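In the form predicted on its own, a lone chain appears below as structure tokens.
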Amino acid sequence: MPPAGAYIHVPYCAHRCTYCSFVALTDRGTEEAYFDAVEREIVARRDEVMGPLDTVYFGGGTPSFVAARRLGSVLGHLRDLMGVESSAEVTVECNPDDLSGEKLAQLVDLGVNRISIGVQSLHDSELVWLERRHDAASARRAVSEVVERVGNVSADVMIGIPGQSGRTLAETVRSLVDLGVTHVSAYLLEIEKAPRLVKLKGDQPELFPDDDDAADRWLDVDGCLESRGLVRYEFSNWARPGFESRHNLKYWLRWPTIGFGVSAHSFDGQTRRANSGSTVEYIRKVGESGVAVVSETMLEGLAAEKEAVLLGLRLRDGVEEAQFDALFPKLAPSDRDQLETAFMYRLLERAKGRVRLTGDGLLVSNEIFSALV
């Protein structure tokens, strides 16, 4: 079994952004009880996956918003109880305006060696619609300082922000590369759970790209990053060779991960587990039994094979041809026809013993994946 990784959800934020659909709290009244619960959960579940861990990922929420000692205490529990390899990738998601020199130094002292910064845009007129706390200038300063101090830096970029153009998106991407980031994640803005943005689109649809425009912008991002040495290794992620997110690769490769904290998910190679999505309930459940798992799903047989191929096709290299061919005859006739059509129209291809999405296939991947659900 490949080495496992740990994910720790930190739900606290100074402000909830317009588009946020994650478990995030601006009230820090439960913070002490919450981190006590996370550490108790680690004690209770320490044998669920085999250590030592080779990745640790603090996500949120905004992990950089809380005191670094909170993260350090959790990391200490992981090291003591599960083991953390000396070469482990330790990532913390950060907001630009949390990264003062002192906070950054504290994170480095804890052993954090990868920082993921929620930039989204380097244009103030676009950040306003997202209700981000930072402006473009502070984001540039933060990225520059973290690149100098840590080196391994990822930046999140958003496609489809109201008022964004292909030009402003390209400027953001080029500027981040020029600042020295080693990794970029680019996501399409999803407004379904953002009433203010839903209303804005109804009132001013011209501020939002249509599907074709969004696809063109994704292609522009891809072309820009590839030309500057950041290779797309997964649908939404580009990295300089050697700087791919080792932790996130575990999800696409179905390697074991254990999630601690509210709404965190785990996979031990066979069973997927999900923690309660309520912070109050999470703290209560852990206090009672040490765990807060509210659902378990064992994936085996055809379901596991389909998921492995679906997730693998998100990766640039796709899946082994033998793996795809072993699954294909087990699919329903309509699903086999759909995949055969994808090959015929060169949306899927066979190359060097693997099956993978082509450039055109990436843009209609959801239709292809529907045959594997």
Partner chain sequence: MTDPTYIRNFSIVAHIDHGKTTLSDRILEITGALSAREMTEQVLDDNPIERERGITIKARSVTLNYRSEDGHTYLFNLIDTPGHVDFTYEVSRSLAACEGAVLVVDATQGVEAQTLANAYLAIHNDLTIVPCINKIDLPSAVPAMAREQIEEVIGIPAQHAPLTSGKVGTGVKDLLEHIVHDIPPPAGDPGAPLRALLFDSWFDVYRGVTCLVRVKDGSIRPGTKIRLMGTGVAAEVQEVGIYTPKQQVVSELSVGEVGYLIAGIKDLHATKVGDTVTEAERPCQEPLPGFQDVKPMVFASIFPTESDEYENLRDAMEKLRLNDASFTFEPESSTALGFGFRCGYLGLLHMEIVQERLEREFNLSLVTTAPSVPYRVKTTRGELLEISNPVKLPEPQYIDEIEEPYILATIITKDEFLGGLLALAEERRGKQVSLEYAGTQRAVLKYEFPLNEVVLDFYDKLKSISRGYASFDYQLIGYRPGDLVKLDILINGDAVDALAFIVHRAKSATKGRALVEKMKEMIPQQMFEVIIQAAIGSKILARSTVRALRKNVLAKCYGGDITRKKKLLEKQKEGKKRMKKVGRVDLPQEAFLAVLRVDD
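Numbering follows the first chain given and starts at 1. All values derive from a computational prediction rather than experimental measurement.
Below: the form predicted in complex with its partner chain, not depicted.
- Contact with its partner chain in the predicted complex, defined as any heavy atom within 4.5 Å, is confined among 169-177, 210-218, 136-144, 95-103 to 210-218.
- Under a 4.5 angstroms non-hydrogen atom cutoff, its partner chain in the predicted complex has Gln338 among its neighbouring residues.
- In the predicted complex, its partner chain sits within 4.5 Å of a heavy atom of Glu307.
- By the criterion of a heavy atom within 4.5 Å, Ser365 is counted among the residues contacting its partner chain in the predicted complex.
- By the criterion of a heavy atom within 4.5 Å, Leu327 is excluded from the residues contacting its partner chain in the predicted complex.
- Using a 4.5 Å heavy atom cutoff, none of Phe65, Glu288 and Val291 lies near its partner chain in the predicted complex.
- Between its partner chain and the residues Ser278, Ser73, Asn113, Ser236, the one pair within 4.5 Å by heavy atoms in the predicted complex involves Ser236.
- Interface residue among Val231, Leu188, Leu249, Leu130 relative to its partner chain in the predicted complex, by the heavy atom within 4.5 Å criterion: Leu188.
- Within 4.5 angstroms of its partner chain in the predicted complex, the stretch 314-330 places a non-hydrogen atom from Arg314 alone.
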